[in-house]
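Just the one chain here, laid out as structure tokens, in the form predicted alone.
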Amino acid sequence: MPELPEVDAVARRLGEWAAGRTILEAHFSRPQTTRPLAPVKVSRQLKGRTVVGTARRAKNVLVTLDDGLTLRVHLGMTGNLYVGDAALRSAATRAWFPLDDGREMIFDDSRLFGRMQIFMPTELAEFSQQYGVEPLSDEFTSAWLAERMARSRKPAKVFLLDQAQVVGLGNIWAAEALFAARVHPFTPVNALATRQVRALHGAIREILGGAIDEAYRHYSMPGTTAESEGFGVAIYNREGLPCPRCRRAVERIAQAGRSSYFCPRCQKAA
């Protein structure tokens, strides 16, 4: 699944390519792409709309249209949304939207897990409320993080993956932030010292911000690189390799159905 940096890159690039363009038509090759609404209904809502801009909320691409409508796109496991010539359409194309400049907005989704919805302003607000705070927003402060962690007994890695707390970190960047802050993934977050919470807050913002910048520069589509390739990871997917800080072998443990990578020397359990 595209991680938050990749989704952010999709949203930013789409905004550069499509802002100000009018959608002439909307076509869907698979009905599940727009469920629960029928494709024909979504097509009618999109036809003639102008793209005002794009944004990201958690791992969703939000395409703002005129008259207050928003097209929400979830990329699923392998989705990609971009603008190009009609010739770029492939067997994986599930939706395409001819634009008034002769190009098309194209949605590829080989695994068929992607979804598209149309939101009115009130519906968009309700949708957004189901997610926690954005990790690079002004709301995400060390004080906010400390207050939330003080009320939770969840292990640090599980807490960071909870989308109702902090959105979009994902397995890679949670592991990287914990390593940078020297926090063991199994440590209950209410047991962390104030200095550890501050270190973790700073690590999240620095690492995720850097990954977003790198994804924007290098990302083309899901599957063209390994999940973490090119983003300068220190610990993720490096089991058995030397820790870049102390040279002890990196270990991997199963945690909540995911793999957690950590250095047993730098990230001692509480």
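All figures in this text were calculated on a predicted structure; none of them were measured in a lab. Sequential numbering from 1, following the sequence displayed.
There is another form of the same protein, the form predicted in complex with the DNA; it is not shown, and what comes next is about it.
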Of 135 to 143, 168 to 176, 97 to 105, 80 to 88, which is the one stretch near the DNA in the predicted bound form, taking non-hydrogen atoms within 4.5 angstroms as near? 168 to 176
Using the partner position in the predicted bound form, report whether residue 248 sits within 4.5 Å of the DNA, counting heavy atoms only. no
Just to confirm, residue 32 within 4.5 Å of the DNA in the predicted bound form by heavy atoms? yes
Does any part of residue 13 reach within 4.5 Å of the DNA in the predicted bound form? Heavy atoms only, please. no
Can you tell me whether residue 72 touches the DNA? I mean in the predicted bound form, with a 4.5 angstroms heavy atom cut-off. yes
Just to confirm, with a 4.5 Å cut-off on non-hydrogen atoms, which of 59, 238, 49, 201 contacts the DNA in the predicted bound form? 59
May I ask you to list the residues of 109 to 126 that have any heavy atom within 4.5 angstroms of the DNA in the predicted bound form, in sequence order? 110, 111, 112, 113, 115
